[in-house]
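Coming up is one lone chain in structure tokens, specifically the form predicted alone.
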């Protein structure tokens, strides 16, 4: 495979607004001894990318810094210390664009060999790119943190979003019962993913409805909406319940934590970010992701498909909520 000396990429020279995003030529990177050079087929935009680009999420961003977290593509070159891939293999990664690692929004990206996974045969690049971040987050939250078990009940707030939809699918694969809140337009979608009960998040009696549906108490509560209404939700939980916090970085009102309900029911509070996941965490999630991709059991809505040259537009659309579904980027 002939590799050009330069490539097109979407990058920033300083953190800030979406107007900081440039599209232009950069030198094509070369893989180190344990790296793989991947020719990009597809990526997607997610909120973590916005936080890194803006500087809200503090991480090392050597400038010029290519943005973007997830990549699906083809092995173009590899270092001598990488044994498990061959040139031409289709692969994916969901942990670029953070902690000094250059991002995915470029024609070629260097990926550490231990963060790269094979793409199952026959899987569409755009369909895969749309689920990688959400399902990776869902796996770490439900498996590593909450230890969700078959037969337990999960309440996911914000089931209509990308992470919420991934959590529904992952929880159903584990064998849990799923209740979610979502907007009326997302009710059918959430049900199609496996939610047993979908409640309109506009309802004033939302939490009373949850209590009626699960009088014995919810085992795992995951808020993907960013509101983190602890005062309303902790009383709905069962003994030894687990609460997952992974959103709300830009929340304007600090949530109230009713400590009494927390310790008398021995409830544990788990905060996590996929950006901090270890290589072993990501590898465990990748096994599940590939199993479900190969079986055709992972779905995400694609709201828009843009070119790399439209990277700034992708961030603007994500910030404004213009796209109902994932924003996928292609070269």
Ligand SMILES: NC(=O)c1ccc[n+]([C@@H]2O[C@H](COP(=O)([O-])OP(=O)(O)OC[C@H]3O[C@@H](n4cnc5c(N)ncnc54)[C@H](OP(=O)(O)O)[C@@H]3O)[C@@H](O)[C@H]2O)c1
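Numbering follows the first chain given and starts at 1. From a predicted model like this one, the values you see are computed outputs, not experimental measurements.
Heads up, the form predicted together with this ligand isn't pictured, but that's what we're talking about next.
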Exercise: residue 248 in contact with this ligand in the predicted complex, heavy atom 4.5 Å: yes
Heavy atom of residue 294 within 4.5 Å of this ligand in the predicted complex: no
Heavy atom of residue 162 within 4.5 Å of this ligand in the predicted complex: yes
Interface membership of residue 137, this ligand in the predicted complex, 4.5 Å heavy atom rule: yes
In the predicted complex, the residue from 181, 95, 153, 102 that sits within 4.5 Å of this ligand by heavy atoms: 181
Interface residue in the predicted complex among 193, 210, 224, 171, criterion: non-hydrogen atom within 4.5 angstroms of this ligand: 224
Contact stretch among 58-66, 272-280, 258-266, 33-41 - heavy atom within 4.5 Å of this ligand in the predicted complex: 272-280
Any residue of 186-211 that, in the predicted complex, places a heavy atom within 4.5 Å of this ligand: 186, 201
